[in-house]
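Okay, so here's just one chain, in structure tokens, the form predicted on its own.
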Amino acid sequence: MPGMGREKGRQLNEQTLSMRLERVAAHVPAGARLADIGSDHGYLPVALMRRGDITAAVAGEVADTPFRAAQRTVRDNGLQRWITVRLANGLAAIEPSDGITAISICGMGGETIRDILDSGKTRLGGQERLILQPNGGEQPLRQWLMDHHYRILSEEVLRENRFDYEIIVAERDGPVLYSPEQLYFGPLQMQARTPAFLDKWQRRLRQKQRTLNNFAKAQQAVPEATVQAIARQVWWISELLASPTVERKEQPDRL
């Protein structure tokens, strides 16, 4: 998975998180009871517990090898009393007695994170903060959040090891309505227009323009719906980058 395992010049562990995981950690509320789904080596919950930032955690893993790695990380740090490692699929790692107040899901495609949330939605009490770090597929993930009445509280883009990552923080807050463009770019990111955000979409624009050019040269006809979808995205991105001002609407419309 891109960005996982090792950063240039330093070993990643429970003491030295990647920049990406440090930014995720910054959005976990102080004193939270955290469920880290797809925890890999368990570095995030162990780091937060070592720092005294959370009071308890569940590290969930669906695969045996990372499950055992997370167990080892927790054991080596003497945190078995506070961090429970469970072999389970998605939110099945959470039990009502855990009293979870924050859920982090990192390093997967946005569609995969969406599917984890959707298949496990009966385990969501509605009070948890969601801290999500998708590797692409942000649009369908934001669509799920909107459809299930989650308001996006914070968003950011960061670039690490030549990959663009997004972090989306949301809490359930009644019906909200985002426009198609807001679902595509991120409603708060359209306002903030950070350098990392604009750089990402400049790269994406070039990629999508190349895709359209390749469609035009293709030996076989490309479905018109596919061409139109990419052309619409090129237009949206071009308009976004050409706009000199920040959107003034602070929050999405309520339904």
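Quick caveat, the model's predicted, so the values are computed rather than measured. In case it trips you up, residue 1 is the first one in the sequence shown, and so on.
Unshown form predicted together with a small molecule; subsequent notes refer to it.
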Would C106 show up as a contact with the small molecule in the predicted complex if we use heavy atoms at 4.5 Å? yes
Heavy atom of I37 within 4.5 Å of the small molecule in the predicted complex: yes
Contact with the small molecule in the predicted complex for G186, defined as at least one heavy atom pair within 4.5 Å: yes or no? no
Taking the small molecule as it sits in the predicted complex, is N89 near enough to touch it, meaning that at least one heavy atom pair lies within 4.5 angstroms? yes
Can you check 220 to 228, 25 to 33, 195 to 203, 60 to 68 and let me know which stretch has heavy atoms within 4.5 Å of the small molecule in the predicted complex? 60 to 68
State yes only if every one of L21, H41 and I116 has a non-hydrogen atom within 4.5 Å of the small molecule in the predicted complex; otherwise state no. yes
